[in-house]
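Next up, structure tokens for two forms of one chain, structure 1 and then structure 2.
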Structure 1
């Protein structure tokens, strides 16, 4: 009997790996400025030819799919570290960290979460959604989060509220401090806090404020 072995994939040569990374980095910059940007524009930003792109990606959609997948994995990993015994504070920290992760790629983030690329982000974001849902359930049990809306529906509304802030930041000028405060306020307002309570909550937790070195 002849044994058939599957050859181990060869790692990309350093120059090829660097080129692939450069293309993905360029795509983040270019597509955040213009979601309809061409492969030529992305290649030019990376200092490569269009032909070089096809050595790594069969077409523009394949590049977008990988870019969105990598971004979603990065966001999910960063937010997986968020923990706090107070469910309201946990949600505030999630909102704060979400802004920090997405503020520089707002356009691509909205496209990835709202548009046709959404199926490519859903798997990666399941742990984050579970964390939001868990915080809401904990808060409802503790009676610090509104109980009049089912937890799973409220979790979806929280996600929509956060995305609405990203969309607003694309329409009007929001600096990082204002954007971070707005996303926290919107999320906390969605789960039942009044605006005065939100103001007091944010003021009482200076760690929720934007810091330039973050």
Structure 2
């Protein structure tokens, strides 16, 4: 008769846990700079050897998979905060939350484009996309959002517009307040609002302003 051990294989040693986290963080940084970066580059950024990577992840894909998984969780958490009857406001809130998850979002987008991780990444982004699409549909019904472009197509353009702002933030320096304002302005602009309307909208909703602490 054998004793059944707990399914938990073993409580990771502290330095190992740190290194694992460091690798993921390094991957997020390096891959944002160069989507084709080698494991060598990622390990170096984490201050580890390439060989060590294989102590934590079976292979490259598993590392990326983890990255996407973590990103998806952060986005889901951020998205959970968003709820508002006005679809335009909902889009603004989503945009604003995305700004806070800049690096995770961008890595996911970049990984989604290339390689075999695409299906999984798409899965992870599904709720976000559904949420955007829903807001756009509602807004089109109310004609606050341009009804001249099919909702699904407009949703993709909004996604690309948001990504453009995230990329812009890698080129030049954007502090949080500016970045948040910019991504909101760009998303609402894409969706059909004129710039004066956007300014009025932002002014009318001071609760949209950037708050630190979470």
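Definition used throughout: the rigid core is the maximal C-alpha set that superposes within 1.5 Å between two forms. Quick caveat, the model's predicted, so the values are computed rather than measured. Positions refer to the first chain, counted from 1.
Novice: Can you tell which of the two structures I gave is the form predicted in complex with another copy of the chain?
Specialist: Structure 2, not 1.
Novice: Aligning on the core only, does the CA of residue 146 end up 2 angstroms or more away between structures 1 and 2?
Specialist: It does not reach a 2 Å shift.
Novice: Could you tell me whether the Cα atom of residue 118 shifts by at least 2 Å between structures 1 and 2 after core superposition?
Specialist: After core superposition, the displacement of the residue 118 C-alpha between structures 1 and 2 reaches the 2 Å mark, so yes.
Novice: C-alpha of residue 105: shift of 2 angstroms or more between structures 1 and 2, rigid core aligned?
Specialist: Residue 105: C-alpha displaced by 2 Å or more between structures 1 and 2.
Novice: Core-aligned, what's the Cα displacement of residue 50 between structures 1 and 2 in Å?
Specialist: Its alpha carbon moves by 5.4 Å.
Novice: Core superposed, what is the CA shift for residue 24 between structures 1 and 2, in angstrom?
Specialist: It moves 3.1 Å at the C-alpha.
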